[in-house]
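Only one chain is given next, in structure tokens, and it is the form predicted on its own.
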Amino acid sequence: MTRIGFLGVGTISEAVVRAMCARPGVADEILLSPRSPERSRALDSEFAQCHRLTSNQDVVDASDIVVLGMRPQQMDEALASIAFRPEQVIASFIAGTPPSGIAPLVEPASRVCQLIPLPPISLHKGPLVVCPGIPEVLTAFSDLGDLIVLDDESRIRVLSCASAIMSTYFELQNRVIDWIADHGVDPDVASRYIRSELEGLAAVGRVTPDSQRHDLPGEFQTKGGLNERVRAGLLERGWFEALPAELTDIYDHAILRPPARQ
């Protein structure tokens, strides 16, 4: 049994803990800091393997793997007063700070990785980026979603920026649903139809070999058909060029904590 401690129990940490506790046959002990008292108390009372401790230091003292779940602006102050052990593994949820930026703050612990879970992890869906792929972390967080392992921390920034399409996806979904409803279809019917359509398309995309993914747009339209007309119209308006342009903009201008100087 691995003892996994969470320093900070925010929205993402809670989603991860709930997903971990829902795995059949896994009985890792999960130790929670008293921060976010409502969430930590709820998890403690709901799951036998969760235990809310009285301080961050108590969590670190009892843990094999320590998960850093505090906000970036709280990181330096929160970690300054905590004593870590050399043999501990540190897994950070903190956005914008790569493992090399975390390492000086958790010495003498030296094995540090970054995890990037997305909200669908509560449903055991979606990617979970791990960099680097420390074996104990890969085992502790297995079966929560799709583990995406990176060995080069400079690539974390790319995937972090790419995840910024989540709200755009739901905006697209909602605009189409609202358009259907505006044309007289019951809103509940419109919602079920589009959500089901998107779920089906995602399932096809998931099982299509990567070598064939560029064929999918053509396979899902007919010459002169409705799908082709909508896609061609959006292509003409530069809709699909605008998206990577926005991703490039946040990639170029997102503020990240610099790696520690050697």
Ligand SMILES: NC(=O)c1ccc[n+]([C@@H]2O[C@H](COP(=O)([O-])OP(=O)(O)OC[C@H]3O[C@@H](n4cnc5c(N)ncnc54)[C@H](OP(=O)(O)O)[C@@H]3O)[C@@H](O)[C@H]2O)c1
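Don't overthink the numbering: it's just position in the shown sequence, from 1. No experiment lies behind these values; they were computed from the predicted model shown.
A second form of this protein, the form predicted together with the named molecule, is not displayed here; the remarks below concern that form.
Checking Ile177, Ile102, Ile94, Ala140 for any heavy atom within 4.5 Å of the named molecule in the predicted bound form turns up a single hit: Ile94. Contact with the named molecule in the predicted bound form, judged by any heavy atom within 4.5 Å, is made by just one of Leu43, Met70, Ile65, Ile30: Met70. Segments offered: 143-151, 129-137, 187-195, 94-102. Contacting the named molecule in the predicted bound form at heavy atom distances within 4.5 Å is 94-102. For the candidate spot formed by Gln173, Ala202 and Gln221, no residue has a non-hydrogen atom within 4.5 angstroms of the named molecule in the predicted bound form. With a 4.5 Å cutoff on heavy atoms, Ala78 counts as touching the named molecule in the predicted bound form. The closest non-hydrogen atom of Gln74 lies within 4.5 Å of the named molecule in the predicted bound form. The named molecule is not drawn, but in the predicted bound form it has a heavy atom within 4.5 Å of Ile12.
Looking at Pro119, you'd find a heavy atom of it within 4.5 angstroms of the named molecule in the predicted bound form.
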